[in-house]
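As structure tokens, the next two blocks hold two forms of the same chain, structure 1 and structure 2.
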Structure 1
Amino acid sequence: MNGKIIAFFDKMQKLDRRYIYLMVALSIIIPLVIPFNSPTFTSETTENIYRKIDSFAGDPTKAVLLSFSHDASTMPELFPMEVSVLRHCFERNVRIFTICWSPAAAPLMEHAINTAKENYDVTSGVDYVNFGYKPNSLFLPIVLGMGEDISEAIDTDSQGRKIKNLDIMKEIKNYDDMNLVIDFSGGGAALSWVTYARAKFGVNVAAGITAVMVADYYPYLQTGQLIGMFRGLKGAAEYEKMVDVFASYETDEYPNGRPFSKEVIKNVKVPITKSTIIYIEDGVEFDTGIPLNYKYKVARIGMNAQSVAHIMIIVFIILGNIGFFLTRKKDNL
């Protein structure tokens, strides 16, 4: 038996690496083509952002600012979280402002808004305003200026309209009203909002970042300088689920969405391959009849592929190490 095991691992050690690459590729492609419903467990860092936005629901004196600080290279991780936040705001009647600091981010910002608003009756200048691209050299005067008066710090929006003349600005003046900034970036852009907007005006700041940046941001979460954080594609998948389970959930009992609950999020299934949300109560499964749009499940489908690929790589690492030590033992006999 030992001889057969050693022979097996000898073959594994000599396996053409092209087969390994092929297997890893298939482990990514198959879950994307044939998605399945793997569990999505939400974390406190993501839940805090959801609850903060939801606290503004239906209040015309509160708004959220979304800052787009990235280009297309980080779009796979950041775009799903941007669309999810926009959906949440549109569902719960929360006013939104968007801004970007590089020309490359401007079309991505427009694309996120257009993707999210397709199923909603929202109007630019009333429910949301896109400030558009502003040169990065103006970041500091704009960030500090919005603490006093948004319409003075930013004169016109992306369509060339005077900010002060828009309906949305009637009850929104500064960070006292626009009291949440979420910066989406693949770097440290959110920390500039912490340094200036939070330190001087006390504005709540959250970050949507790529997975490789997560460790750098944890100290700011621990000190409370960030109220929450989307941790790469996993964070986007978590927020997609929460929007479907809570904000998009409408019944006679909850016409404006279900209140956030840790217990509910544990018991609700949001299938990938089915077209509606499934809710489990007292062990009984209910189909809510609430439709799920494929374009709003991008992060969850991506996490399926990522999970399978990671498991595949871990299996190869374990087999490789076992084979290495068995081969060394055989050679030393």
Structure 2
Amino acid sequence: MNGKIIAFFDKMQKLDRRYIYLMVALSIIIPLVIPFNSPTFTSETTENIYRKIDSFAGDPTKAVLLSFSHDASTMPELFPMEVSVLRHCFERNVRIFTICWSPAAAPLMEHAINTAKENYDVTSGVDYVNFGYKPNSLFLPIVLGMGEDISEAIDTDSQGRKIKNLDIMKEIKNYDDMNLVIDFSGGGAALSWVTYARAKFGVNVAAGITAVMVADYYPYLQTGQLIGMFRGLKGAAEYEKMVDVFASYETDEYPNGRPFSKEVIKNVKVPITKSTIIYIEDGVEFDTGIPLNYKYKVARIGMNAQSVAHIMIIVFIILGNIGFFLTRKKDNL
């Protein structure tokens, strides 16, 4: 019996990597094609961003700047974050600016805005402005210049309109008003905002990053130089859920969304295969019948695939190690 087990693991050790590739592909494709409901637990790093943006709700003297520092390669993780933040701002009437530093990011930015604004009656130049693509070589002068006067640092928006003539700029001048910058990147771009905009002008900086970059950003979270962070696709899924549970929540009691509450987010389930909100009380789930107004649930579907893929990799590691120890034992005999 032992000999058979050792022989099996010996064979497994030499398994052709193409079988592994096939299993990974299936573990990702099946959850994407057949969505299922899995819980989304929110974390403080994401909640902090939500609460900061929510504190600007309905205030024409406050705005958020979204900096797109990535290309399409990291889009599956970062794009749902961007759309969720845009949706939150449109829901809660928060002024929003967008900018990017690479030509490859400009169409992504347009795509994110167009995707998010589908369900909202928002106008460019009034509710939001897309500054468009600015060459990376101008990063420093623009970032520092916006600390003094945004319309001086950036002349025109993506449509060629003079920034200073836009309605949105009437009550927004510099970082004192545009007091939150969220940088989306697959690298260390957010840290440049910390170095220049945060250090010199005290602007609040948050980062939307790919999961592989998360460990690099922790020192900045601990010091408070970053007020929050989207930790890969998980962060995007958490934000999607918060927008559904709070910002786009509509009842007679809360006609324009309800305020953030840790208790509520803990006890509410937002199933991706149903169209109503599920509430949990004393461990028992009941359907509230309150309709979900969302269309966007890409990150939560993606999280299903990520969950299965993570489990698959963990199983691979465990199997690989069992095989390693058994074959080593056999070699020592």
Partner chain sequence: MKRQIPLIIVITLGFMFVAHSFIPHTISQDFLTWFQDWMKAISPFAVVLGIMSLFMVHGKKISYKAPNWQYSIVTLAGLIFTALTGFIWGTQAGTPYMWIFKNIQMPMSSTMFALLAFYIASAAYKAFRARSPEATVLLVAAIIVMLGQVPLGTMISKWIPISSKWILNVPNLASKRAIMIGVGLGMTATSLKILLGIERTYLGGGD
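As the structure is a computational prediction, the values presented were derived from the model and not from experiment. Counting starts at 1 and follows the sequence of structure 1. Rigid core: the largest C-alpha set superposing within 1.5 Å between the two forms.
Go through 1 and 2 and tell me the one that is the form predicted together with its partner chain.
-> Pick structure 2; the other is not the form predicted together with its partner chain.
Core-aligned C-alpha movement of S27 between structure 1 and structure 2 reaching 2 Å = Yes: S27 shifts by at least 2 Å between structure 1 and structure 2.
How far, in degrees, does the smaller rigid part rotate relative to the larger one between structure 1 and structure 2?
-> Turning angle of the smaller rigid part: 15 degrees.
May I ask for the C-alpha shift of I322 between structure 1 and structure 2, in Å, based on superposition of the rigid core?
-> Shift of I322 at C-alpha, rigid core superposed: 3.5 Å.
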